[in-house]
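This document starts with one chain, in the form predicted alone, laid out as structure tokens.
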Amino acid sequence: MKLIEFLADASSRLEKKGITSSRLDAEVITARTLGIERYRLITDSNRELSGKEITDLEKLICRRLEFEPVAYITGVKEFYAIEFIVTKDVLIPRPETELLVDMAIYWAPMHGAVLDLCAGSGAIAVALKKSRPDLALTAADISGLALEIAKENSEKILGHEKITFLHGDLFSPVKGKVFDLIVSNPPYVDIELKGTLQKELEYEPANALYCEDGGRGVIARIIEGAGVHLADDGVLLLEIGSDQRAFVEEHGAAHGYSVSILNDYAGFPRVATLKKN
């Protein structure tokens, strides 16, 4: 079978399954498996695939047909123009979270101390450290498995011991420590929605996606606990859900913060900036 024929067949099967990014997914999986750049799928379209290549590719396309995310199939995901290792132990980094990194780069003072809560794959902390090597980064997560992936990403991208990784629930591993900036992409999807959203989400770690109290539980705990860990002129940055603007504004104000909300490029509330009054 020629490469062009395999791609056409794989794309067709994915499309029939209801996967809207069928052609892109087929191309990404194929290029990664064959170890080539995506443009080679065009220039080498008449290449004959070996029996082993077809078998290997077919296994991965079948996984996508079961709605497993492409990032878990290929084992990598690009974020902030950096390729990160991802496994089912970590949330897949989303493009909209890049806005959080932009804001962190802006707000972090020179040589400042920064804490990344709910660090997951380390995407935020690593991207921030790569863009701002002057910063002292600490990243914490409740999942030890996620932290192992974060450490692996940090060492691969930045080198050895550039970020301090701590295991624990929110602020528990940083007792007594103060930071100039705290940044977090916490779980903020309502737990009651589990099983009703995109099928791909069922593959991602539930504790990194879903939260109690309408998705507001962890955000509330971060707002309530951040004060003692922020410098007097410190800033707290939170990624939030599109329906959480009013809650964050009210809860932040009740705990002594001035709050502003920045919309993402799709026009949805995305990043909350909380400054001590």
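Note that residue numbering follows the sequence shown and begins at 1. Note that the structure is predicted; figures quoted are calculated from it, not measured.
Absent from the display: the form predicted in complex with a small molecule. The rest refers to it.
Residue Tyr188 is the only one of Tyr188, Phe79, Phe171, Phe179 with a heavy atom lying within 4.5 Å of the small molecule in the model of the complex. The contact with the small molecule in the model of the complex, taken as any heavy atom within 4.5 Å, belongs to Leu91 out of Ala104, Leu91, Ile73, Leu147. Contact check at 4.5 Å (heavy atoms) against the small molecule in the model of the complex: none of Leu115, Val218 and Glu224 pass.
Shown alone here, Ala208 lies within 4.5 Å of the small molecule in the model of the complex, counting heavy atoms only. With a 4.5 Å cutoff on heavy atoms, Glu152 does not count as touching the small molecule in the model of the complex; it lies far away. The shortest heavy atom separation between Leu201 and the small molecule in the model of the complex is within 4.5 Å. For Glu96, a non-hydrogen atom is located within 4.5 Å of the small molecule in the model of the complex, even though that partner is not displayed. Comparing 180-188, 122-130, 157-165, 136-144 against the small molecule in the model of the complex, the single stretch with non-hydrogen atoms within 4.5 angstroms of it is 180-188.
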